[in-house]
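Just one chain follows, in the form predicted alone, and it is written as structure tokens.
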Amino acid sequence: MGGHDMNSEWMAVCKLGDIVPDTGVCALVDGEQVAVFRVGEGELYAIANVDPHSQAAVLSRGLVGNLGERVVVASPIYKQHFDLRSGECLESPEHAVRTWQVRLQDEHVWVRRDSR
């Protein structure tokens, strides 16, 4: 990370304990809704919270699971599956969602603000 102040590039969004394993929470990062997921004890992922099919901000409430090697969330509305690592929509890849880098430090979940 070089000489950068971590707080300018990363934003603490919640504590790890605030996210029940295999569920997500919604956080606001620079005005955008980000769905932050905890898979198992400590795997963390962050994707856009808005479902591109319905335009509803619901992905953080979706069901987390596995499809083969992929860790996915199923949208609560139309049930499409989004890959938590890449943001790809399995049923319609043209509807991918943005992803953010996320990490755990001092029991806090941090999201990188300038992720693509």
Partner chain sequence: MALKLVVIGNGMVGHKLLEELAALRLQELEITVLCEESRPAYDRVHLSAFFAGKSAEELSLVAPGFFEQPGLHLRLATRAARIDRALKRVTTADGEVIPYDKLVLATGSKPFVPPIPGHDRPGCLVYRTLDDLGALTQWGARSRRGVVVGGGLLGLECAKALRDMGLETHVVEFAPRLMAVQVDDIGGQMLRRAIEDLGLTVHTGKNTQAIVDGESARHRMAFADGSHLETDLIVFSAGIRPRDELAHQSELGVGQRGGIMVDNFCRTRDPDVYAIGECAQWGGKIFGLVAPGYDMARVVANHLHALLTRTQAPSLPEFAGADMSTKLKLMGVDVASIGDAHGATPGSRSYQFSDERRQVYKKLVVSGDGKRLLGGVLVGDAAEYGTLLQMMLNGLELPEAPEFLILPSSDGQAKTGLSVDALPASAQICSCNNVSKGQLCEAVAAGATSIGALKAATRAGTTCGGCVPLATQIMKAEMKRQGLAVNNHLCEHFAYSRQELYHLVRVERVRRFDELLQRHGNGLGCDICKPTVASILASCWNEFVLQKEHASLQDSNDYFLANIQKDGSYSVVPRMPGGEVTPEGLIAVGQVAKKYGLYTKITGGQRVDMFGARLEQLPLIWEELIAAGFESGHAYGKSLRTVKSCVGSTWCRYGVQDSVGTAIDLEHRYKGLRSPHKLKFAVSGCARECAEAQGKDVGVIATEKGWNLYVCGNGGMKPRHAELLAGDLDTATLVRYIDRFLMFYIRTADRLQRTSVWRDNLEGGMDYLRSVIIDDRLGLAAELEAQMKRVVDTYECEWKRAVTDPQTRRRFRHFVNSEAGDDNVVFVPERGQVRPATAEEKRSRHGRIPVKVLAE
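Residue numbers count along the first chain shown, from 1. Quick caveat, the model's predicted, so the values are computed rather than measured.
Keep in mind that the form predicted together with the partner chain is missing from the display, and what follows is about it.
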Open item on the list: Exactly one residue in 48, 44, 71, 89 has a non-hydrogen atom within 4.5 Å of the partner chain in the model of the complex; which is it?
Closed with: 71
TODO: Give a yes or no for residue 101: in the model of the complex, does one of its heavy atoms lie within 4.5 Å of a heavy atom belonging to the partner chain?
DONE: no
Task: Proximity of residue 14 to the partner chain in the model of the complex, heavy atoms at 4.5 Å - done: yes
Open item on the list: Within 4.5 Å, heavy atoms only: does residue 22 come near the partner chain in the model of the complex?
Closed with: yes
TODO: Flag residue 9 as yes or no: does it have a non-hydrogen atom within 4.5 angstroms of any non-hydrogen atom of the partner chain in the model of the complex?
DONE: no
Open item on the list: Residue by residue through 64 to 82, which ones have a non-hydrogen atom no more than 4.5 angstroms from the partner chain in the model of the complex?
Closed with: 64, 65, 66, 67, 68, 71, 74, 76, 77, 79, 81
